[in-house]
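Below you'll find only one chain, the form predicted alone, shown as structure tokens.
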Amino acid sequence: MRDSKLFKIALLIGLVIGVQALTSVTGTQYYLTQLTMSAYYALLVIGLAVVMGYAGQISLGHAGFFAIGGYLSAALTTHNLVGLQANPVIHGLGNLGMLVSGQDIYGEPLLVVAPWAACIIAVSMAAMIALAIGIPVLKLKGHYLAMATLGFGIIIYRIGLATEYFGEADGISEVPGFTLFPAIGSLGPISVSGDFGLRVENYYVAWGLLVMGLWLLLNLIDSRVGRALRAIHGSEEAAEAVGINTAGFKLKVFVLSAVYAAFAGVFLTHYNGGIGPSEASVMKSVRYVALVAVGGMANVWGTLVMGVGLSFLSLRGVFGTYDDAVFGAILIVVMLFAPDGILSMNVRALFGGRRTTDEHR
């Protein structure tokens, strides 16, 4: 199993490199922009897949965690703190090297939180919020849990839409790039930015982050924790009867998925140079759930393929104004003919053919 996992990861890395090389040869590097964004959305989706497919929890609030990461990082790196330098907290951040100074477009002094520090703060905040709401909310089941997480998502959406600090309906723009590694010798710095000159670099950063996130989840699923989560999904009462801490495992996986969503929000916000309220909308959360269902709730690889594929087509505008309608139609078809994901679809059943042997049993 370990060799198979390594082979699939290596195959994915080879495919990522091959796609980039193909776009360079064919002069279609503009596709890398949407492929980069799709990778960040897929990072959120594979985290949600573990919550839904293994812990058996349905969350309609993950767009909220994405927005927490993106909005906090954007606000911290764009709002000028010069007038607050006497504040003990700001002073402490400066002593820790978490602030950067410069000049704004008018030549006035500018003091903001460094992107790397803003990322840590934003992801940590998302994790703490997930922990705080997860303790009471994860006691619910079925549609009650879905409604509770939906309520959380709506709250985050309204906060972003109505708060001046977060730009209200306009969102936050002019978010600076995120330097991951400084320049070393002749090698330039590695940054997350929408600069066209860094398109290839950003493509590999996004997919590198996605591959690392995937590797972590695959190891988690194949571990004792993964077996416990499968037992919880199968029967929570039976899992508790054999001594599994069901509440603890569900909470930890929920927080982990929130961290994935927050990381995706931070990186995509710095890549796009901004974020708006639509990223926290209810339809975004519904879409993420749909992507997990289409890929297969207990199939991380299927979720990855469908998450990247459908996100890429959507970002390219293939579905036009019918974008949400297409996702809804795909979800209906999958639920009818392939509840385990589109990659397991029974083509014969789709066309009204004879049932398989397993179905007769």
Partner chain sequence: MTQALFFQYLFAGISYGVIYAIVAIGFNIIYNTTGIINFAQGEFVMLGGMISISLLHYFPLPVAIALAVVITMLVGALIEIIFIRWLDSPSVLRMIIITIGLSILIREVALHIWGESIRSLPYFIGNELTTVSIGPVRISPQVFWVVGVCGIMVLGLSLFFKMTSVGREMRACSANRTAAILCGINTRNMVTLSFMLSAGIGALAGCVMSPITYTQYDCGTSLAIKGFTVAILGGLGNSMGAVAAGILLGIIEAYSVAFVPLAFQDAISITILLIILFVRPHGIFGSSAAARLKEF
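Positions refer to the first chain, counted from 1. Quick caveat, the model's predicted, so the values are computed rather than measured.
There is also a form predicted in complex with the partner chain; it is not shown, and the following applies to it.
A.B. asks: Of Leu150, Leu268, Leu198, Val112, which one comes within 4.5 Å of the partner chain in the predicted bound form, counting heavy atoms only?
C.D. replies: None of the others qualify; the residue that does is Leu150.
A.B. asks: Can you pick out, from Ile221, Val289, Ala75, Val255, the residue that has a heavy atom within 4.5 Å of the partner chain in the predicted bound form?
C.D. replies: By the 4.5 Å criterion, the partner-contacting residue is Val289.
A.B. asks: Judged by heavy atoms and a 4.5 Å cut-off, are Ile13, Trp116 and Ile129 together in contact with the partner chain in the predicted bound form?
C.D. replies: No, none of the three is in contact.
A.B. asks: Heavy atoms, 4.5 Å, the partner chain in the predicted bound form: which of 189-197, 271-279, 131-139, 80-88 makes the cut? Say which one.
C.D. replies: Comparing against the partner chain in the predicted bound form, the contact stretch is 131-139.
A.B. asks: For Leu304, is any heavy atom within 4.5 Å of the partner chain in the predicted bound form, or not?
C.D. replies: Output for Leu304 is no: heavy atoms all beyond 4.5 Å of the partner chain.
A.B. asks: So in the predicted bound form, does Tyr322 come within 4.5 Å of the partner chain, heavy atom to heavy atom?
C.D. replies: Close contact exists here: in the predicted bound form, Tyr322 approaches the partner chain to within 4.5 Å, heavy atoms only.
A.B. asks: Is Gly328 part of the interface with the partner chain in the predicted bound form - any heavy atom within 4.5 Å?
C.D. replies: It does: once the partner chain is placed as it appears in the predicted bound form, Gly328 has a heavy atom within 4.5 Å of it.
A.B. asks: Is the gap between Met335 and the partner chain in the predicted bound form 4.5 Å or less for some heavy atom pair?
C.D. replies: Taking the distances in the predicted bound form, the answer for Met335 is yes, it comes within 4.5 Å of the partner chain.
A.B. asks: Can you list, in sequence order, the residues from 51-70 that come within 4.5 Å of the partner chain in the predicted bound form, counting heavy atoms only?
C.D. replies: Those in contact are Met52, Ile58, Leu60.
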